Ligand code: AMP
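A single chain, nothing else alongside it, follows as structure tokens in the form predicted alone.
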Amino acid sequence: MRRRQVLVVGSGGREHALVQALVASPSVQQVYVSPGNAGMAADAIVLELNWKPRSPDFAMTISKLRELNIDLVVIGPEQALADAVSDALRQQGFLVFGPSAEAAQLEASKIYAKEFMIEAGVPTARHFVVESVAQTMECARHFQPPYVLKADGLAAGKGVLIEKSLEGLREAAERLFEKRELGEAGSRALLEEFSPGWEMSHLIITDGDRHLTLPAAQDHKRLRDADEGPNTGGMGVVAPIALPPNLSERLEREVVLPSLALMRKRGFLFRGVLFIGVMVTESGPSVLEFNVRFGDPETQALLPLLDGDWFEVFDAVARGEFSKKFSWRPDCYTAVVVMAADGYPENVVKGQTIAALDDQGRHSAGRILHAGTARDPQGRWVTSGGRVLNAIGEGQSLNEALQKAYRVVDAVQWPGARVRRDIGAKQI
């Protein structure tokens, strides 16, 4: 069989993980990434392409993909899906791993997703739709603290505000509705009843009919140890995690199957990943959110667990022919520790020198994925984003995986680097 040409859309640690998984496939000849980052250049050919379908320059992107004989496009970020990149590429005849823009509303709008959950009969928290500070405070009378305020639109993982008091809630609402800190993404919001419990990430890969459930993972959203500080895009993750008896079966019956059924009823073209953020409460699972792509940093932990070829998975899903059974590596655990820039998430400091990396952006201490790095004019590695590097550990136990990940963290530092030291502690 002819070996394939694959392009990954995106520029973060998730996309670096996707690139490396595809490079490892015997089915793949060459992997391209766009826009990528400097740290991916050792694994793939980095391309500067326009990913705005309504832009006149998008025609040049299509021409370049044809010139390169791209067989499959794997879309990483939610914004590209919301911008209808998958639809535009499919219209030009390309195979795409990623759902349609219509399906992407499940992530692009928290309000749309909540209404979808209710129609599907998926368990989820009570809520109000609010559009002003006054409305938020009026509706808050129906709930007990802590209060959960979720910006409606895409906010790069920073749109969920959990406040312990009415005063804190008022300040959060002012940030959204009056200071407009999240722009249009915060013009409307969900005020949601807080669901006590523990959080997990439940991902499925689906072509709309058949699906593959990935191992359960646990992300760590808060910036600091002991789940303190502001929400972030994710500071670390461990996988797989052990689940209580019957939880997997309940997730399938109460969440996955009803959601897929309603997608089919609405005629969604969904060929990609449905990421289900779940709060496990005393009464069972309650859905916090839907995402329509691989999570970041969940992807970095989940991809190494497959006992198989990721190209075969992505290609079959993109074709709508996802019938082959896949399995997971036994006795394999992964841990991801995110190394973030000074000031993350509010006031990111860029341009800090990362002195310990070699010319390929690697270190002998262990595996590193690049999320927000660049090369300065002297060729030195520097920070260029909020989440900078992912330290990856893999082992036959979670303890072993964590030790390997933190070995990388201790070897690679820069001024003001922000790292949580309790990733996976709850599971241990």
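Because the structure is predicted, anything quoted here is derived from the model rather than measured. In this text, residue numbers run from 1 along the sequence as written.
Just so you know, the form predicted together with adenosine monophosphate (AMP) exists too; it's not on screen, but the next bit is about it.
You can rule out all but one of 262 to 270, 181 to 189, 282 to 290, 325 to 333: in the model of the complex, only 282 to 290 has residues with a heavy atom within 4.5 Å of adenosine monophosphate (AMP). The closest heavy atom approach of residue 199 to adenosine monophosphate (AMP) in the model of the complex falls within 4.5 Å. Although the partner is absent here, residue 122 is not a contact residue: none of its heavy atoms lies within 4.5 angstroms of adenosine monophosphate (AMP) in the model of the complex.
Adenosine monophosphate (AMP) is not shown here, but in the model of the complex it comes within 4.5 Å of a heavy atom of residue 194. Contact check for residue 148: a heavy atom falls within 4.5 Å of adenosine monophosphate (AMP) in the model of the complex. Checking 90, 221, 211, 170 for any heavy atom within 4.5 Å of adenosine monophosphate (AMP) in the model of the complex turns up a single hit: 221. Residue-level contacts in the model of the complex: of 160, 306, 357, 316, one residue has a heavy atom within 4.5 Å of adenosine monophosphate (AMP), and it is 160. Using a 4.5 Å cut-off on any heavy atom, the one residue of 228 to 257 that reaches adenosine monophosphate (AMP) in the model of the complex is 231.
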